[in-house]
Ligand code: F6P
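Given as structure tokens, the chain that follows is alone and in the form predicted alone.
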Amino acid sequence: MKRMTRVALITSGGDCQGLNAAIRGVGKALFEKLENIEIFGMYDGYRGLIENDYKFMTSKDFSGILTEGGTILGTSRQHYIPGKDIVDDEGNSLIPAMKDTYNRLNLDCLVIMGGNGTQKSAKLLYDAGMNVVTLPKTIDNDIYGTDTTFGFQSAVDIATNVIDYIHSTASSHSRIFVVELMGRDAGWLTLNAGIASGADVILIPEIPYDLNKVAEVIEARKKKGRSFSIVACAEGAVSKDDVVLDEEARRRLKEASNYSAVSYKIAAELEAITGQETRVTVPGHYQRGGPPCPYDRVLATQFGTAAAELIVNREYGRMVAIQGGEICSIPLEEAASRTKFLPVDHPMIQVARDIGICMGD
């Protein structure tokens, strides 16, 4: 009798579009490739692995979920000490409990789908002796070693749609609109959505902004008869004055601020400088919800089947990726080594500048 292969699926961290498509890709491919396969779905991310809370998955569980948003397994976040441990609220290591579940189920591999933090924490599990294969998911597109992540294009589509709709009301009332998009550390989403929607100003974390420069662009538009302006702003955008501060000083400054988000601060300051009525729109988690776009359905399926192939070949400790249009895999150590920030000399930034979009500098 052929050896039984046992695999557990985990969706960790924030949700995004395409997770169920990826779950489906892994599961259906494993059932096709292996005669003796058992698949377990861990509930609520690492919590299921920690508390031995899971479901045994049959082929029926992978049907009808391709177009569903969110994750059928649920997800959660755990406290992660960079490069050291995954801990509970009291600081106790959770890795022993996770390894205990891994051994109790006699697992051959964990398939972990997650963002930047998940790649790093998955590396800790691999170092602790658990076989791991990961898939890169995040709307921020900031995972190192892959050209893109599933969830990103769906979020770009949604963010673009939001700004498209804002144009008409901004024009009707001759207002400045600041639309705050997700992207705490990297500006991929804001840059792409800003270009796609015809934003006049794009502010991203990688390029500290000078609000006086932004105001000059808005004033110049008014002189040309363009009565409104759209500012696409990443949640992690930072001014040239604040960027020189250390992390602790920035934290204190934020706590002392009357603004709940950077977009409200920018809007208030722009209105004071220009005298033009300014409004804010924050689509927030709306960007992570709903069904995945066709591109993400295909990409997540490709990633899922590639993960299954790695398991069949027992190639563990790797993250599935796409590079130059080709599906591949890279060492998990490499994927977890750094964040993929948007290079300030990226061709897309030059495209934005070439068509007259102000990048805030």
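If you're wondering where the values come from, they're calculated on a predicted model, not measured in any experiment. Numbers follow the displayed sequence, beginning with 1.
Another form, the form predicted together with the named molecule, is not on view; read the next lines as being about it.
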Contact stretch among 83-91, 99-107, 131-139, 213-221 - heavy atom within 4.5 Å of the named molecule in the predicted complex: 131-139
Heavy atom of M182 within 4.5 Å of the named molecule in the predicted complex: yes
Contact of R77 with the named molecule in the predicted complex (heavy atom, 4.5 Å): yes
E277: touches the named molecule in the predicted complex, heavy atom cutoff 4.5 angstroms: no
Contact of E235 with the named molecule in the predicted complex (heavy atom, 4.5 Å): yes
Within 4.5 Å of the named molecule in the predicted complex: residues from 272-310 (heavy atom criterion): H285, R288
